[in-house]
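Only one chain is given next, in C-alpha cells, and it is the form predicted alone.
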C-alpha cells in the first residue's frame, strides 16, 4: 500500500511537471497581457505534431524532432503574435478571449484538415525503464522531471537578471509607466507570447512518447487543465503555477488509482469550480508576478 502510494505520488509529480511547463507559459502571457490565452493548448499540440511529422515523414531522430517541433511552433506563434497578440495590448479582456478562442479553432481545424482527425502513433522517445530508489520509471518520465526543473530555474534567472526578464516584470506591473519610459510594450508581449508557445511545444514533444498517440484535438484538454492551475497558483504568479501544477498532478494520479481512471480529468474542473467559489485569487499571491 505504501509503495503504491509513493509510486502514484511520483507519477503525479511527473504529470505535474508536464502541466507546469505548459501552464507557466500561459501565466506569463497573462502577466503581461492581462488576458487568458485560450489557444495555449494548441501550441502544445503543434509541437507534438511537428515532432511526429519529423519522425514519420522526414525520418529524423527523436532528438532532432524536438528541435523541429519547437521551431515550427515558434514560427507559427510569431505569425499569430504579429497579427493578433500585439494588437491585444490595452484591449478589453473580452477581445482577448474571443481572439484566442478563434485562433484555437483555426489552428486545431487546420491540423485536422492537413493530417486528418484520427489518432497517430508517436514512435520516438526513451521508453526503457530505470530504477530510482527502488521505483521503476521510464527514461522519458525522468527526462520530463529534469527538464521541468531546468525550465523553472532558467525562467527564474531570466526574469531576474536579463533585460527581457526585467521588461516582462515591468510590463506586468504597470503598462502605462513602461510606455512613458520608452519600453516597447507590444514587443515585450510578442516575445513573451513566443516564449510561452515554445514552452507549450516543449511540453508536447516531451509528453508525446508517454501518451504514445497524437491527435488534432489534444490541445483543447491541455488548455482546460492549465486554467485551474494558473487560477490556483495566482494569476501571473510563476512560482505559484509550479506548486499548483504539482498539486493537480498528484491529485489526478491518486484519484485515478484509488477512485477510478474515468474520474481523473474531472479533478481539474472540480478544482477550478472550488477555487472560483472559495478563493478566486488563488492559493498564492497574485501580486508576486514573475
Partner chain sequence: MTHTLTRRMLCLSTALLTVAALAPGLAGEAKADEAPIKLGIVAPMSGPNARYGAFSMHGAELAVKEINDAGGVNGHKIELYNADSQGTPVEGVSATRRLIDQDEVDFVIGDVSSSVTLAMQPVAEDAGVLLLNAASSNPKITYGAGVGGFKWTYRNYPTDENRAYVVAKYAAEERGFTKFAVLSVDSDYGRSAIEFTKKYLPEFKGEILSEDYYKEGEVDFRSVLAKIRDGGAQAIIMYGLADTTPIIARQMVELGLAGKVTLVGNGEFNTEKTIASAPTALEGAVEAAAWLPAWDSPESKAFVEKFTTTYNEAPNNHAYVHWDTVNLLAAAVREAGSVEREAVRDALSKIKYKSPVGEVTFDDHNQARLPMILLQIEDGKPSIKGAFTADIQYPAN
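Residue numbers count along the first chain shown, from 1. Fair warning: this is a prediction, and the values are worked out from it, not measured in the lab.
What follows is about the form predicted in complex with its partner chain, which we do not show.
No residue of the trio 150, 174 and 243 has any heavy atom within 4.5 Å of its partner chain in the predicted complex. Taking the partner from elsewhere, residue 239 is found to have every heavy atom lying beyond 4.5 Å of its partner chain in the predicted complex. The shortest heavy atom separation between residue 127 and its partner chain in the predicted complex is within 4.5 Å. Residue contact check for residue 11: one or more of its heavy atoms lie within 4.5 Å of its partner chain in the predicted complex. In the predicted complex, its partner chain sits within 4.5 Å of a heavy atom of residue 264. Note that among 98-106, 138-146, 175-183, 79-87, the stretch whose heavy atoms approach its partner chain to within 4.5 Å in the predicted complex is 138-146.
The partner is not shown here, but in the predicted complex the stretch 13-46 reaches within 4.5 angstroms of its partner chain through a heavy atom at 15 alone.
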